[in-house]
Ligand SMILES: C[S@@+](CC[C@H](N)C(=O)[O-])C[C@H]1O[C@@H](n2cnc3c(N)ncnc32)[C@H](O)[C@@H]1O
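Presented as structure tokens, the chain that follows is alone, the form predicted alone.
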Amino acid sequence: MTDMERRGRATEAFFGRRKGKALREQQAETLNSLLPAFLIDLSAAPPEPLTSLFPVPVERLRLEIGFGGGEHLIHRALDTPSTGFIGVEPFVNSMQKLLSRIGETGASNIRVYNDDATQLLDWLPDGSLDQIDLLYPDPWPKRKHWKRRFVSKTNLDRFHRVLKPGGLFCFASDIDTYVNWTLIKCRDHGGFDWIANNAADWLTPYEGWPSTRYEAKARREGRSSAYLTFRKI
């Protein structure tokens, strides 16, 4: 095991700041009123079945790590109401945006966690998820910070444990070094099969993909994106 994989959670810094500009009074009220109803309580044991986290019947469970502004998460939740979505985002302003959209749309098939995603992953039961999405994660572009990238052997072990047999790990990024990093990490892990037969398979956005503000920024700055899909084996 490398020094990077040996590090404890106290030194795992997968995300940067927790807060941006101060929330307006109404935004803060939205956050404070809605968060308790949607927040997953890790101090309690996972319910059995895990689908009972949601007040509506769901057939599949999907986790999105770092949902940013929530555009993708809310789009998927409204488009596929039979899937239960768990969104992780430690950034307070982003959580407020998502909860506001939930309040506007009435989406009831979403639950959230507002801290380190590894804590939630360790809480989840074995083989409980159908899909994990890691979309435009922080690339930590400086080489000295690469150890902070979320894709690591340790976290791929976590993914492999909580995914059902044949479950999917979807990764999107506009940073070439992170795309290559992820391909290598998944190849070396041995528990994931990259689903791609030709370049179109990873250059074409996922079916039903809504463009996000991060993707739009990448396009403006001349960067193309890669959409990688791995199946648990």
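Throughout, we count residues from 1 along the sequence that is shown. Everything numeric in this text was worked out from a predicted model, so none of it was measured.
Same protein, other form: the form predicted together with the named molecule, not shown, and the subject of what follows.
Want to guess which of 116-124, 159-167, 78-86, 100-108 is within 4.5 Å of the named molecule in the predicted complex, heavy atoms only? Single hit among the candidates: 116-124.
Only one of V151, I74, I132, L135 comes within 4.5 Å of the named molecule in the predicted complex by heavy atoms, so just point that one out. Of the candidates V151, I74, I132, L135, L135 is the one lying within 4.5 Å of the named molecule in the predicted complex.
4.5 Å heavy atom contact, R219 to the named molecule in the predicted complex: Although the named molecule is absent here, R219 would stay clear of it in the predicted complex, with no heavy atoms inside 4.5 Å.
I'd like to check something about F91: if you look in the predicted complex, is any of its heavy atoms closer than or equal to 4.5 Å to a heavy atom of the named molecule? The answer is yes: F91 has a heavy atom within 4.5 Å of the named molecule.
Using the partner position in the predicted complex, report whether V58 sits within 4.5 Å of the named molecule, counting heavy atoms only. Residue-level check for V58: no, no contact with the named molecule.
Considering only heavy atoms, tell me if G191 and the named molecule come within 4.5 Å of each other in the predicted complex. Taking the distances in the predicted complex, the answer for G191 is no, it never comes within 4.5 Å of the named molecule.
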